[in-house]
Each structure stands twice: as structure tokens, then as C-alpha cells.
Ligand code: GLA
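Just the one chain here, the form predicted alone, laid out as C-alpha cells.
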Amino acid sequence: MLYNDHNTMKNLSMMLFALIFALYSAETQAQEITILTKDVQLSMSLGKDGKLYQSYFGTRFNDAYNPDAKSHEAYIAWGMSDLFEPALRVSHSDGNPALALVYVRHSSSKDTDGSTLTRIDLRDTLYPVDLTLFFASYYEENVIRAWSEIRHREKGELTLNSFASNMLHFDGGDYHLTQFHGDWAEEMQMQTSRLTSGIKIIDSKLGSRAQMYQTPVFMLSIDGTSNETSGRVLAGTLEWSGNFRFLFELDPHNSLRLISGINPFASEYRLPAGKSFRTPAFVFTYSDVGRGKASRNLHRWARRFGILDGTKPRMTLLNNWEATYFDFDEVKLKNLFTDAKKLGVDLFLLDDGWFANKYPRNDDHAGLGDWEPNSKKLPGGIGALVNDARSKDLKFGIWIEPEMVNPKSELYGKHPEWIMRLPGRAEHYFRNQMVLDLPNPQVQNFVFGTVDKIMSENPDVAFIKWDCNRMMTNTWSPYLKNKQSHVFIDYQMAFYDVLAQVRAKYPHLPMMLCSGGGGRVDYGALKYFTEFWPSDNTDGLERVYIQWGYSYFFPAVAMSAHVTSWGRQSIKFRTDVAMQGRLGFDIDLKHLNERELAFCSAAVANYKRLSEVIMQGDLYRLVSPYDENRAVLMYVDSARNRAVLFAYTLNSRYGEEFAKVRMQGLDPAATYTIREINVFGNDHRTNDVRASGDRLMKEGLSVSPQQPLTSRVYEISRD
């Protein structure tokens, strides 16, 4: 097929147009393609020009199709008549940079997970290039996942210059964007700003640990600002652990274009003929009654579909990191098992420092990559620890960071070709380590083998903490050679391939997704992990804000929250804050007095009794720490029989009195008993209260203590 022949191109174009319109007329009589959930509707219309248009997005309605509704081309490719940011930009093998996509067909069917999968096929009018838009709608959860897939039959390679997962359009009067940013130990700082003319981009270029500065989540308020219970809100995130981009463009007509997907920066992807390129899914929900409902939509979806074993219980644990750091041996660890039993937790987690012999892992300068137990610290190996933990009716977990390597390691010397680094330039270290070349199948085998060896030799290991403590710098893949623009994408694809291998052999092994704190928090990875580590900052005050931010998009069942020595708050405050997620302790119990240890043990028992409500319940954020000197939130079970309310006073001025808090999510016709739990020692406990759900939600209750950095936890039970 000679694309440089003008007559051939013209004839092919006419023939293809005729074929497309024949297919269009024969295969569908519908004027609208509708993606529906219980409360949300996304509608596409088919134009007379053969193109696909977004005609509606918002609250579901039952009216007839409106042909006069303002429409926007649903997925715009670059190079034709559109003047703004495209969803897709390519270069054909002959150098032509344009695509003109028209509708071919669509279909809907039930997917294996119970969602409704809508597929819409588009085709270029000149070149043999096909694009498919996919929409998976989750009816009860009010969540939609959207992704795209491109393939071609050209003689040469098709270069993908940008490749969005999805494009959405809005026609509102005013738009406000809430984003979440930060750095190590200050993750998920919430910031809201009004979108103005032009482009606003939230993105990352860090490769691995890509979410260090910007988290791939946002809330978009349409027609003004929103709060927990009012306002039109789109909440969105991306199933991708690498470089991402959300682009918001406001045009001169006040129409907003939202483009989501992989960041195309330094990532031009050369696609051979016959191969397809599938983007990660953009996950989104919509609410016309504020942010609270949007969060609960995402939480319900995540527990059932987005997080591994998201509807199952989680284990409480004791981690040794703050008690020992790298300085431990077998005897010291076994003594900590006794501490774990005193607390009443389910599992002991051995953190960094247990491995490497030639270059022992006694600090973070050496050993990373050499995954054999250190014979001096652990003469009996991992097996001796597992056996001793079992004898104390305690499960055992272990830390790994298999994607990384220290230059001072045997792995570095044996396999220099496995390490990402620029030829001819000085190596660059972050936390004294480098990134392995994961696109290389040999490296993938090594990373999988790290997990497999631990589990094969010690099948009773019950938990893995998978860390990733650095981003990519001086990035060059020896394996990819002349395809360096593939490295950021191929690394993530390889990461998921390794995790798929792990899950094929160990389908329900609990694993924590950790990455220098909150560097990897996304639903691309969470389908393989049972939880994530929100931040290395475990200061109780800071965690109120950090966990508040994550709660907009992730349920409590996914959040690891540990009580540590960070912060100047009481052990009660720190424990009450940590009970908002999967509760753990990372503290030297020798630093606790008898009253403190007794309190922690009782709190663990309370947590185990109420964890199902917290992990699986609906979250209602009642008072924001961004609005007042306190934070109040509650979890309510699906039957509205039980609830747990957390109240944290962060600061207070002399004489300040906090207003009553109106609860949410209760049954107005039921009567509830409200009882304070997690009372420290002989401290005064507030008296039990009996009241109707109606009164608790309309009049409210005084729940906040007056003193700064104090907290209360209330158990709410239907009579």
C-alpha cells in the first residue's frame, strides 16, 4: 500500500469513508450510547459527520435524548481542525501526524467482574489505524473505569506521542480543582483553586515512586465550590504507578476539557503493526450532593474491585523498625515477639536489615539486592523466626525492596547490565541506591524469585512489606537499547507482570505497598496489594491531615496506620488516630509505662471488635481539620446498626467552645447508645447517651474535648 501516491490515498480515503458509513447505517439505529450506573450517566451521540460526541455527563435522568444538547467530540486526535489539547497524537510511518477518527460500531456486555463493559470502535478515515474506547460501569458503586486501546496495520511503526486513557468535557459556570501534593513526610496536602483560562496540569516525571510530589487523584467541583454534602463533584484517579498526567483546559467559551492518562513526557512509544497499546484505566465517580458521596462511591468500588481482598479482615501488627532500626539479632527479635503478644496483635513484621553477608545490611549503604539472611544476625535464618513466632501463636512478616540495588552489594558486581544508569556519566544515588532495569526479563525473574525464594523456603511467612525508596534519575535501560523513550512505560508494565506472577502463585498473601512513605498509592498496584503505607510521617497530628486527604479516594481497609514515637502527643492520641486504618505498632514497648501498655492492649481489643465497621463501613467526614481546630469523622456499617466516631482536637484557644457535631448515615427511626471507648487509665469517661438517629443527625452531640492534642473515640450501637 503506497501512501505517498496521491491518487491511491484519495481512492482509499473514499472507499474507507463509504465502508464506515455503511457500517454506521447498518449496525446501529441508536442516536445515543449511554453508560449508566445507579445515579450517574455518561452519554455519547453519533454526529452526522460520523464522529463520536459526548452529549451528557452527570446525574442520571430518564428524559428522552436531546438533540440540541451541547456536544463535544468524545476523544480528539491531533492534526485536523481542533485547536486545543488532544487526547491522542501520533506520527504515521510515512511522517503524517494527523488522525481523523470516526465511529465504526459499539457493543455492551456484562464483564467477568459484574460490571457492564461498553466498547466503542473508532477508525481513521485514511490510515489503517483503529482506536477502541472502553467504559466499565459499576452500577451500585456509581463508578466508571475508562481506558483506550490503539492498534494499526501500517507497514512500519506507528509512533504514539500522547495517548490519553480518557477525555471528558464539562460546560459549567465555574470550576474549582482540589489537588493533593507534598513531599516525603508531608504527603497529601490538600489545595483548592479556581480554574482559569488556559491549561492546568497535575503530573509526575519521576518514574518509580512517581507520586512523591503530586498524587494521581483530584476532585473537580463544577458550577462553584463543593463541600461534604453539597455541590457537583467529579472525583478521579488513575490505575497507574508511573508517570501520570491530568490536564484541565478551559477554552474561551468556558468549556472545560479533562484529559487523563500516562504522562507522555519522554515516552514516545513506537508501536509495531499488529500490536496494540492499552492505556491504564481512569477511575471516576460523580456526585451532585458533595464530596462525601463521591468518596463513599469510590470506597465501595475499591473494597470490591480495586484492592486485593478488600472485603476481608486485616491483621494488626508490631513492626521492629523504631525499636531496633538495623541493630538487632535473633535474640532481640524473639524478645519483641513477647512484646507483640502483650499488645495482643496478630503479626510481627521484620523490617529492613535482615539480609546480605558479604556486604551486611547494617545501614542503608550496603546489601540491597543480596536477599539471603545475614548469618550473624540470624544464624537460624528466617525459618527460626517463623517457628518461634508460631510457637507464640503469632504470625510473621518480612520487608523487601526487590527493585533496587546498593552499589555496595554482590548483585551490583555480578550484574552491572541489570542496573539503570546513563552510559559515560557518573552514577546518581538516592538513599544510596539505584534502580534495577525491570524491563529486562532476567531482572523480572530475579524480582519474582526474591519473593518466591522467601515463600518457598518459609511457607508460613504471612505478610510482605514491599518497599521502593527512590525515583528514577539518570535513567537509561541497558535492555531497551535504542528504545529509551519506552523505559517509563515498560518499567511499570514489567512491575505489574511480576506482581501478576506473585499473585498467580500466592494469591492471598497480604502485602503492603510501601514506597518511601506515600510514593506509590494507586489502584494500578493496589489490585495486587492488600494495603498501602500512606507516609513515613507517623506523627499523630500530621497523620490526621495525611489520612484525611487519602480518605477522599481510598477506604480505611487499604490504609496502614502505625503508632510510633513520632510526635509529642499522648499515646492515646496517636493510637486513636492509627485506628482509622489497619492498626499497627512500630514502637519500643520499653518506653511505655504500665498504664500506657495497658491502654494500648485494650485499644487493640477494641479495634479488633470494631474493625469491620471501620474497614467496611461508610465514611462520613463531619468536621474538617482545614476548617476548624479539630477533625471529626465516623464510620457506619451498611445496616446502620453500628458506628465508630473519632474526634480529634488539634488546637484550641483559651475559652474556645466547639459546637455540637451533627452525625450522618444513621437510621433516623432508630435509637442509639453512644459510649466513649479507648479511655486512658483512670481518666474520666463521658457518660453514655441514648438518642434517636434523627436527633443525632439534626441536633448533634458534643464530642470534641477542649484540650489541644486530645482525642475521643465513641462506639455507637443501635438499641
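Predicted model, so just to flag it, every value in this text is computed and none were measured. Position 1 is the first residue in the sequence shown; the rest follow in order.
This protein has a second form, the form predicted together with the ligand, left out of what is shown; the following refers to that one.
Here the chain stands by itself, but in the predicted complex one stretch of 266 to 274, 298 to 306, 514 to 522, 476 to 484, 514 to 522, has heavy atoms within 4.5 Å of the ligand.
At the 4.5 Å threshold, heavy atoms of K465 reach the ligand in the predicted complex.
Contact annotation for R431: at least one heavy atom lies within 4.5 Å of the ligand in the predicted complex. Although the partner is absent here, D536 sits close enough that one of its heavy atoms falls within 4.5 Å of the ligand in the predicted complex. Contact annotation: F134 falls outside 4.5 Å of the ligand in the predicted complex, judged by heavy atom distances. With the partner omitted from this view, the residue of D388, E73, E228, D352 that lies near the ligand in the predicted complex is D352 [heavy atom within 4.5 Å]. Listed residues F599, F170, F248, W399 were compared with the ligand in the predicted complex; W399 is the one with a heavy atom within 4.5 Å.
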